[in-house]
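Only one chain comes next, encoded as structure tokens, the form predicted on its own.
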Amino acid sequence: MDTADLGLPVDVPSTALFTDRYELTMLQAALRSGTADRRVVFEVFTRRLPEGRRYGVVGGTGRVLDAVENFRFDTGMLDFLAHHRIVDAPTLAWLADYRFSGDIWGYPEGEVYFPGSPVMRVEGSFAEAVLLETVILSILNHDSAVAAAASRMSVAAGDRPLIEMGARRTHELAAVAASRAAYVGGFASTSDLAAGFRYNIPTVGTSAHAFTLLHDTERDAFTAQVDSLGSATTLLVDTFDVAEAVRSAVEVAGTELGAVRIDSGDLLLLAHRVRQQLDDLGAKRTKIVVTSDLDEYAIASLAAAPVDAYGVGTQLVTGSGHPTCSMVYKLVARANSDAPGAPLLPVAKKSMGAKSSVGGRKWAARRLDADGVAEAEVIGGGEVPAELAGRELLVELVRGGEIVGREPLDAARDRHRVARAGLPLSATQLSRGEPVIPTEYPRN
């Protein structure tokens, strides 16, 4: 069963106050000046990838759609705004009826992106669109950071499965979002039951060191676990002496023991020793799972080790050193008048520093070389060149305020696998480097 769109009660009932105060004060001023209904285009993009990263991964699109749908001001929220005099009475009356009625296009979830990529485009009245800035950015920045870290770890792990285990290292709701983003990026399962419940991600887990320490002996703990969960369970073997624990584990569970987990020490050395010991004891099909503050580099260092699966926590949910993608939400076009159907004028901030942007409503397409490998991210306005037809990246997500772009989470996961495979091979190198393909802005 796919539960991704059932609205199960892990999320907050409304996202309307997941915003910054100045969104509402801008709304008030625009309503007073008569510009609130002017048609505009906002775009989400990042000016650069995190240092050393070769590509980004779009994560959180499905959650953005939920957030837009749930962006409603209830009586308690309006009373709060009134009590603290954040906005005036006419603005409160406008907010009471707020429903986004515009259009949203974006890169589909799981797709890769590069500097300047218009990851999401929001079109509608200024009043409707400006209010969504903070909640859209908070979701995309967090989920895309986790998805990118997960993707790099997935590359390092190769065919070996990855388990997301970071719930205790972040905010309880962020943990659910992180599990979802990790699944998009290539993780196979999660320890977090809320993520399993909300998004139907496979869940795993057996026991911690506390369970071993609860018992008089390690053998007693193993016996209790096997009696309860069966011999296919995973036994944690590094509470005391690893070699002795492996021996006891096989004696208790038999040679059909499912797996052993190592959570500390020199994982490379221990994995080799444990594999040899398991084989000598006849448990040749017993798998080895390693945990203990892994990141993509540690996983890569274990590529030659006899490891069958990795459990990753802290480094995953914090984006492996880059907890945000620095995405921004910028006004790039506005109607030249308040008249319906008025032409859009490109607008952009001018800056002496690194905060300049490119104005105008944009399309994006990925140009391929003769072998079908990506060679450039092409971003422009106006008509899409004939040679790029069919390579456009943005898809329709919201039409006239109605969600049209929902999809199962597995679709985003599969898309990412295909998108990453379509990049040059150097994209999968863990060494620092520039974006694996350039961003180009053709002249119209």
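The numbering used is simple: start at 1 and walk along the sequence shown. Given the structure is predicted, the values throughout are model-derived calculations rather than measurements.
Keep in mind that the form predicted in complex with a further copy of the same chain is missing from the display, and what follows is about it.
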- Task: Answer for G196 alone: is it within 4.5 Å of a further copy of the same chain in the predicted bound form, judged on heavy atom distances?
- Result: yes
- Tell me, yes or no, whether V436 is in contact with a further copy of the same chain in the predicted bound form, where a contact means a heavy atom of each within 4.5 Å. no
- Looking at the partner-bound form in the predicted bound form, is Y98 within 4.5 Å of a further copy of the same chain by any heavy atom? no
- Using a 4.5 Å heavy atom cut-off, state whether S292 contacts a further copy of the same chain in the predicted bound form. yes
- For the three residues D103, V404 and R413, verify that every one has a non-hydrogen atom within 4.5 Å of a further copy of the same chain in the predicted bound form; reply yes or no. no
- Query: Out of the stretches listed (302-310, 105-113, 151-159, 257-265), which one is close to a further copy of the same chain in the predicted bound form, meaning heavy atoms within 4.5 Å?
  - Reply: 257-265
- Note on the structure: Exactly one of H272, R366, R361, R334 comes within 4.5 Å of a further copy of the same chain in the predicted bound form through a heavy atom, and that residue is R334
- Query: From the list A298, L92, A167, A188, which entry has a heavy atom within 4.5 Å of a further copy of the same chain in the predicted bound form?
  - Reply: A167
- Query: Are there residues in 200-233 with a heavy atom within 4.5 Å of a further copy of the same chain in the predicted bound form, and which are they, in order?
  - Reply: N200, T203, V204, G205, T206, S207, A208, H209, A210, F211, L213, L214, H215, D216, A224, Q225, D227, S228, L229
